[in-house]
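Shown next are two forms of a single protein chain, provided one at a time as C-alpha cells under the names structure 1 and structure 2.
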Structure 1
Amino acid sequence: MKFLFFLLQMDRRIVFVLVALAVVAPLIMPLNLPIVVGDKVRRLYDAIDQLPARSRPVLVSVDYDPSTVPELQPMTLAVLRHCFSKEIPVIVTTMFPTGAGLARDAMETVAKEYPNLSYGTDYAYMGYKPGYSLVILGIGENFQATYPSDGYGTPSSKLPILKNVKNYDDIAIMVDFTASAAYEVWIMFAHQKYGCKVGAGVTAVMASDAYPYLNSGQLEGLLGGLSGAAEYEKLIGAPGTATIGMDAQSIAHILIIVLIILGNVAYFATRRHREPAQTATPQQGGSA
C-alpha cells in the first residue's frame, strides 16, 4: 500500500528522469527492434517507386520549422533519397519562411550522395515563396509565372527540369511535409481543383487528423511521425536517424504504458484509504 501511495504522490521530475533514461539507453546500446512497414507508408512508397526514371518531376514541399526537425527531416531525406536513387526529377519548395533553410539543407545533403545527378536538370530548389494558398493555386495555372526564379536566383526559364513543367499536369506527385494543416491546403487546391496526386508526411500529433484523407483516397500515402520516417527508411534500405530513434521510441512507450497502468492501479486500489477530497483530486500538489 505504501508503494501505491508513493506512486500517487511521486514527484513528476522522477518521471522525467525515467523517460530520459528510457530514451538515452537505447541510443547508446541499440536493440535493433523490428520495424513493421504499414500500409499507409507503403502506398506513398509505391506511388513514387512506380514512376519511371527521368519522368515527370516529384514536387516536395518542406512546410515545417526547426521545432519539428527530428520527426520531419528524416522523412524528407528518405523521400528525396528514394527519388534521387531512381533518378526521378525532384522540385523542392517551401511555403514557410522557416522551412527555407531546412529545405535547401535536405536537398543539398541528398544531392551530395548522388554526384551523377546535376542541379537544374535532375533537381531544383525553388526556395520560399510567400502567399501560401495563392502559390499553390498559382502552380496550377502557370508554374514558371509563380516561380520566376529558383531559390538561388537563377531564372526558371534556364532550368531544364522546368522546361516541360507548365502546371500540376506535369507533376507526377507532390509530397508535403508539415507540422501544420498545410497538407490540407495542398489537398484542397492541388488535388481537388487540379487533380494532382498528393502525399503527406506529418508529425505524429497531426497523423490521426490525416487518416480520413487517406481513407477517402485524397492522400496517396501518409508518413506519420518518426515511425513513418523509419518505415520509409526501411523500404528504401537506407536506415537513418528515424531508424536509430525507433528503439528509444519503443522503450519510452513501454515505460509510459507501465506508468499509466501503475497510476490507474494505485488510484483505484487506494481509493478506499483516502479522504474524499483526495479521491476527487489525486494529482494536486505537483505530484505526477
Structure 2
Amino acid sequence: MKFLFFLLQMDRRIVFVLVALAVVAPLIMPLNLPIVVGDKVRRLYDAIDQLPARSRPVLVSVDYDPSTVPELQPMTLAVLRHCFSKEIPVIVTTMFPTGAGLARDAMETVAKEYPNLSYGTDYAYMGYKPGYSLVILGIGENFQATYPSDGYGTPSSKLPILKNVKNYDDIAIMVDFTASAAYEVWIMFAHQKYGCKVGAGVTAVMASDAYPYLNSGQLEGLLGGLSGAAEYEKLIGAPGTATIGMDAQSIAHILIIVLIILGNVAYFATRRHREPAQTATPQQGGSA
C-alpha cells in the first residue's frame, strides 16, 4: 500500500528521468526489437527492387528541412542504399532551399559506401531549383532545359546519366520525401499529367493524409515516419538510425503506458484508504 501511495505522490522529475533513460539506453545498447514490414512500405520496395541494373533512373526529391531530419533522412538514406546496391541510376534533387544540403549530404554519404559507382554515370545531384510546380512541369517537357547544370555547376550535357533522360518517360519512378504536401504536387503533375510513377516518404503525423492516394494507386508506396524508415531498412538488410530509433521509441511508449496503468491502479486501490477532507464548520456563537 505504501508503494501505491508513493506512486500517487511521486515527483514528476522522477518520471522525466525514467523517460530519459528509456530513450537513451536503447540508443547506447540497441535491443534489436522485431520490426514488422507493412504492405505500404513493401509496395515501394518492390517497385524499386524490380528495376534491373543500369535501368532508367530513379528520381529522388528531398523536400524537407532540418527539423524533420530524424524521421525523413533515414528513409532517404535507405532508398538511396537500395538503388545503389542494385546499381540503379539515381538523380537527386530538391524543391526546398533548406533541403539542398540535406540532399547532397545523403547522396554523398551513401556514395562513399559504393566506391565502384561513379558520379555523373551512376548518380547525380541536381541541387535546388526554385519554382516548384514549374520545375515539376518543366521536367515533363525537357529535363535538361529545366536543369541546365547539376548542383555542382557541371553542365547537364556532360553527365552520362542524363544522356537519355528527356522527360518523365525516361524516369522509372520518382520518390518524394517531405514533411509537407509536396508529394501531392508530384502526384498532380508528374503522375496525373505525365504518367510517372510516384512514391512518397512522409512524417508519421502526415501518413494518414496520404492513404487515399495510396489506396487509389496514385502512390506506388508510402513510408510513414521513423517506423516506415525502419521497415525499409529491414527489407534492404541494412539496419540504421531508424532501426535503433524504433527501439528507443518503443521502450519510451511502453514506459508511458505502464506508468499510466500503475497510476490508475494506485488511484482506485487507495481511494477507500484516503480520508475524506475535513471541512471546517464555523462555530455559532451568540451575544448575551
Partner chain sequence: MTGMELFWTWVAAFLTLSIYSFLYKDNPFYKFAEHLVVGVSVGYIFTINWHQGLHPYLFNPLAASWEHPYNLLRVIPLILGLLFLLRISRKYNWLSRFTIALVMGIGCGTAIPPTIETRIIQQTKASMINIIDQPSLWAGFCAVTILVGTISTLIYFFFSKEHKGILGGTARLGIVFLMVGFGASFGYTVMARISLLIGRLNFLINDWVIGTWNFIAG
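Each residue is numbered by where it sits in the sequence of structure 1, with counting from 1. Only the largest set of C-alpha atoms that superpose within 1.5 Å between the two forms is called the rigid core. Keep in mind that this is a model prediction, so the values were computed, not measured.
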**Request:** Name the structure that matches the description of the form predicted on its own.
**Result:** 2
**Message:** Assuming a two-part rigid movement between the two structures, tell me whether E71 and I139 share a part.
**Reply:** yes
**Message:** I need the hinge angle between the two structures, given as the rotation of the smaller rigid body against the larger one from C-alpha superpositions, in whole degrees.
**Reply:** 21
**Prompt:** Rigid-core fit: what Cα movement does L21 have between the two structures, in Å to one decimal?
**Reply:** 3.6
**Request:** Fit the two forms on their core, then tell me the C-alpha shift of N264 between the two structures in angstrom.
**Result:** 8.4
